[in-house]
Structure formats: C-alpha cells, structure tokens
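Below, in structure tokens: the form predicted on its own, a single chain.
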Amino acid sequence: MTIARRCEKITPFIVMDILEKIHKMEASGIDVVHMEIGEPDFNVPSCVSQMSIEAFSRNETCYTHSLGDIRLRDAISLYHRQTYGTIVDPGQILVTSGTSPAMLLLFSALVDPGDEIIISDPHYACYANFINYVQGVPVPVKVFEDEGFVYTPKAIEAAITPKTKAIFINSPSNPTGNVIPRDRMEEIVAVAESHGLYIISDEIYHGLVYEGQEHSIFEFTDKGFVLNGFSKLFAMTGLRLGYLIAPPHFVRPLQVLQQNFFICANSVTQLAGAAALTGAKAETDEMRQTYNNRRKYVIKRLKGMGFGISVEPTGAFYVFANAKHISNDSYSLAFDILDKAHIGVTPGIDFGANGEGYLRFSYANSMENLTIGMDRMETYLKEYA
C-alpha cells in the first residue's frame, strides 16, 4: 500500500523520540532528569479545576458554537484589551483543541500550493511541517545567537519573493526563549505592510516573560493572525485548548474548516479556560517568579560550564545554549548525554539547520531536579566530552 506523498515531508519531532527513550529508561529503573520537554511542571490553577467540576455538574457537555463558547471568546477579548490595550472582536476568535489544530486550520485557509511562508531558523520544529502538509513552502531565514535569535528586517527582505504570503514570528521563542523588542516588531510589520504580507504571531509563551515586555502583533497591525493557548502560562497542556484570532474576512472559511474537521473544542475545557483568564493571576504570577529563579540558575550554571549564551533568554522556559565547543553533531550529543549522564536535552538540529551545534535546556522542572541535572552535566563534561 502507498503512503500519501504529503506525509513524506513530515519529519519526526526529535524531542518526542528522546522522551520515548527516557520512558524506556525510567521503566528499567534509571533516574533521568527531564530538561528536554517544554511542559510546565505545575498543576492547573485552582479556578480551572473548580470550573471543570462545576461545568460537569451543570451538564455543560454538549457541542458549543463552532467558533467557541461565547463566554470564553468574550474572556479572550477582555484579556487582550486589558493586557495589550487592543480591541479584538469576539467574532474574530476561533477556539480550538490546542494551538496545533489552530495552526492547521490557519495554514489550510491561508496557503495555496506553492505559497511561501517565512519562518526563522531555528524555529519550533512543527512550523515547517504544517506548511509542508498544506503544500506550502517554508522559507527559513537564519537568526543568530549574537543578535538574540531575532529577525533583522534586511534578512526578511532578502527572503521575500512574489510567492511570499506571510511572515511567521514567535516571541517569546521556542527554542531560544528570546523576546522580540518593540522596535524590531515595528520594523517587521513595516516590511510586511510594504509588501502586502500577513504576519502570523505565535504568542503561546506570552505571560512568561521575566525582563522587558512581550507584544501582541495586534498592537501594530490589523493584518495579522494570533495563535495562542492555555498550555504554557496556565499549565493546561493535557486539557488541549487554544485559539486563533484572524482578520474578519478569514473567519467564515476558518469556521467552515472547524465545522468539518473538529466541530468544536471541548465544552468543559472552554469554560475552564475562561476561568483561567479571569481568576488565575495570583497563581500564574507565582509560577512566573519560580520560572525566573530557575532561569537565572540554569543560565549561570551553563555559562560556568562553558556553554555559549551571548544574549540571555528572557521568556518561555528554555535556554538555547551553544555547544559547538563540544560537538557540531547535536543529535548524537543529546543522545550521548542521555545515555551517559541521564539528562534529557533537545538537540538544536530539531529546530532547523541553523540550530545545529546548540542544545535546548528546558527549566520546566523543580529546582531540586535542575540542580541534579546541572551537576550531572558538569560531571559529563569532565569525564566524557
């Protein structure tokens, strides 16, 4: 039997291969420190748990509007007004079962075969796969460590062709943890508008910024799309809730795709999301402070071991560390560290060719475990590297 050709360009997500190997090691009794996966180690906020119970008790378990429960869309609209000072009509919001389905719907509605989407290199591993799946063309633009892994307008300009449809940004970024400054956002928007391009802004790590300020793309343009969700800031990974904000003329096509592919997002989870937006601030503030303490600790330890971190990351929960002094084969290095030091890390090659030679360390783990992990890494460098 022949596999559909659209699947041929979909590459494995290496971090999941690492995680699955870790699970086998743990099943055999080996203790592994997880610094590979980007998943919060906190419980969901108490208001999320409480609302989930209340929603079930009220039997709110039926299909919702395909765009999403209006109570959640109103809460998202209010959150954007209070956080960014932007006006987002609830009618522009499509609620999805996680941010990944939102991305699939977006590219399905936006991209015709052969259309090009500019993405940074390195980038979140799945971006290129989504674009390839709808027969678009991901166009990687290299971003560099000494510039904080942030696009330059000149590099974007050089990548634009008549087939370019949009520029994709992610701030704070996965895998680097770096934040695009306001003035650079304005410059990127100016480039996009001068060429009549859309901007797609993945804002899933908003709320997890420790120095400076993140900015939503709607602060600068109305010709954009926002991807966001509840997995990172609210530690709701398994509840699978995300959303897409789109220009008005895209809403109906996106809604039709949602109706056909997914019908609607989980009804109970949508109400839990509304509760998170309106009632979880104290708990998310505490999470943010804890992450920041871990961030400072991991950066200090990695620098002390000789890893390169030219511009310290100020968002998300990642450190993208230069390991070229150890090896230019990040894939083999990551598995060697796992085998010999029992630390899970993600190879930079998982995030694009320009990520080669780097390792991504996630600090979404307890300080106790991070300390063990950093001690093991120090020992590994002395004994094996």
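Everything numeric in this text was worked out from a predicted model, so none of it was measured. Residue positions are given as counts along the sequence shown, with the first one as 1.
The following text describes the form predicted in complex with a small molecule, which does not appear among the structures shown.
Undergrad: Of 67 to 75, 139 to 147, 203 to 211, 262 to 270, which is the one stretch near the small molecule in the model of the complex, taking non-hydrogen atoms within 4.5 angstroms as near?
TA: That would be 203 to 211.
Undergrad: Which of Q92, Q255, N170, T314 has a heavy atom within 4.5 Å of the small molecule in the model of the complex?
TA: Checking each option against the small molecule in the model of the complex, the one that comes within 4.5 Å is N170.
Undergrad: Which pick from F218, Y127, Y291, F307 sits with a heavy atom within 4.5 Å of the small molecule in the model of the complex?
TA: Contact check passes for Y127.
Undergrad: So, V179 and the small molecule: in the model of the complex, are they within 4.5 Å at any heavy atom pair?
TA: V179 lies outside the contact set for the small molecule.
Undergrad: Would you classify S120 as touching the small molecule in the model of the complex, given a 4.5 Å non-hydrogen atom cut-off?
TA: Heavy-atom contact with the small molecule at 4.5 Å: absent for S120.
Undergrad: Answer for T83 alone: is it within 4.5 Å of the small molecule in the model of the complex, judged on heavy atom distances?
TA: No, T83 stays farther than 4.5 Å from the small molecule in the model of the complex.
Undergrad: Using heavy atoms and a 4.5 Å limit, would one call T164 a contact residue for the small molecule in the model of the complex?
TA: Flag for T164 set to no.
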